[in-house]
Each structure stands twice: as structure tokens, then as C-alpha cells.
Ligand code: ATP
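Before any questions on binding or motion, here is one chain by itself as C-alpha cells, the form predicted on its own.
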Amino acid sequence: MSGASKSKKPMHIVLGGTFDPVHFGHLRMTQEMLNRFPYAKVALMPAAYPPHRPQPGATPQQRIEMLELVLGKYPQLSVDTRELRRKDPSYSVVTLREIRQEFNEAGTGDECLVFLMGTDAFAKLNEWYEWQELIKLTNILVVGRPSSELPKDGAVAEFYQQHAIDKLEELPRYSCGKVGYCQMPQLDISSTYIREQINQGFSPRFLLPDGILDYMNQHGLYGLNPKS
């Protein structure tokens, strides 16, 4: 995709994850989205009990506070805590139904909803709970990653071919039902790598904002020694 979409139609982009902790890779992803869709709102949505991953090392409240530390001054970015309030596993289809229902109640039922996924997660989409229902609720934007690629055969490949959009800049026209793909520069950073660095006694500085590292030190997260 070249250039940014000129559409001013409301667009709500959801970036899910554990954010355990939030880092520059997450934050750069939000900026890449705003570069392409300048009128979008991007919600970072931490999962409470991710079905496919180990449990987070920080508490739900700590992960919220870390996100709020870095997002508070950017009006197009927000933290959506609904999955942290849910006691059941964080199934994406349940969350997207809630968001779509909120749009309907607000009279904006045709608002473009976009769910971000990496190619690695998208390749395993058929393992997700009620995965074929997702496209009835949202558009899916698959972000290319160096270590993986779009599936070439199987159920997910057929799903992609059926719903793929030709021009990504037209995505804001659709409330749901489309799958887009884009490559973008990515920072090779992960929360897992940050936690591993700490576990080995190495500093994770410059992998995440200084304010987040200070918070982690203050609260003794991930094995760091608490500082008064």
C-alpha cells in the first residue's frame, strides 16, 4: 500500500495482546496504523486469560497502568479493558460481538471495525473459538512478519482468498467482511524477549519506554528488585 487512506469514515482498530509488558514494537504498530489510516482510533486491548499463551507475569491492573503511562497523551490511542473485566477466557469473537453491539446501540452500526493479527496468528486462525464468525463482525488486517507468511493451502488460505480486499486503502469503506494484508517495518521486539533478558540479568533498556522500565523496577516485575 502506498500512501495513507484519505477516507474520513470512522474506523476503529483493535490491537490485542497480553502487553506483558508493553514495548516499542506495540507502540510502533499503532503509529504504522495511523500513518495509513489517519482518522482511525486504535484501541490496545490486554487479554486477561489468553487461551493460547501462558498466564501474564504482571497483574491486570499493572498492565493497565503501564499502558496508560504511554498512551494517555495520544488522543487517537486508548486502552480497552473489557477482557480484563471478563472472568471467562478472552475469546476474540465474544469481544468483537460486544464492540459491534456497542456500535449498534450508539447508532454507528456500520462503523469500520478492524482486528489486527500477525501472519503467525492468522495462519492458525482455524484453531480459534468460532473463528468463522469473526468475519461477520469485523475486518481482519494481517500484518506481515519476517518469520512467517500467509498460508498457501488449507482452511485459512481459502478463508483469506474468499474475503481478501484488493486495495487496502478501501478498507474503511467496509464495516466488516474483508481481510487485508500489509507489510510494514517492524521492530524485532517481544515481551517474551524482554522477560528473558531480565531473567538472565540483562537490562531491557531501549526495548521499551523509560517510564515503563521505571514502573517495572518500582513494582519488582518480572524478577526485578523493587525500588523505593
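In this text, all values refer to a predicted model and were calculated from it rather than measured experimentally. Numbering starts at 1 and runs along the sequence shown.
One more form of this protein should be noted, the form predicted in complex with the ligand, which is absent from this view; the next part is about it.
- Three-residue candidate spot 26, 144 and 192; every residue lies within 4.5 angstroms of the ligand in the predicted complex by at least one non-hydrogen atom.
- Though the partner is left out of this view, residue 187 does reach within 4.5 Å of the ligand in the predicted complex, counting heavy atoms only.
- Among residues of the shown chain, residue 121 is one whose heavy atoms approach the ligand to within 4.5 Å in the predicted complex.
- Under a 4.5 angstroms non-hydrogen atom cutoff, the ligand in the predicted complex has residue 17 among its neighbouring residues.
- Shown alone here, residue 113 lies farther than 4.5 Å from the ligand in the predicted complex, counting heavy atoms only.
- Proximity to the ligand in the predicted complex, defined as a heavy atom within 4.5 Å, holds among 71, 125, 117, 96 only for 117.
- Proximity to the ligand in the predicted complex, taken as heavy atoms within 4.5 Å, picks out 136 to 144 from the listed stretches 136 to 144, 149 to 157, 88 to 96, 105 to 113.
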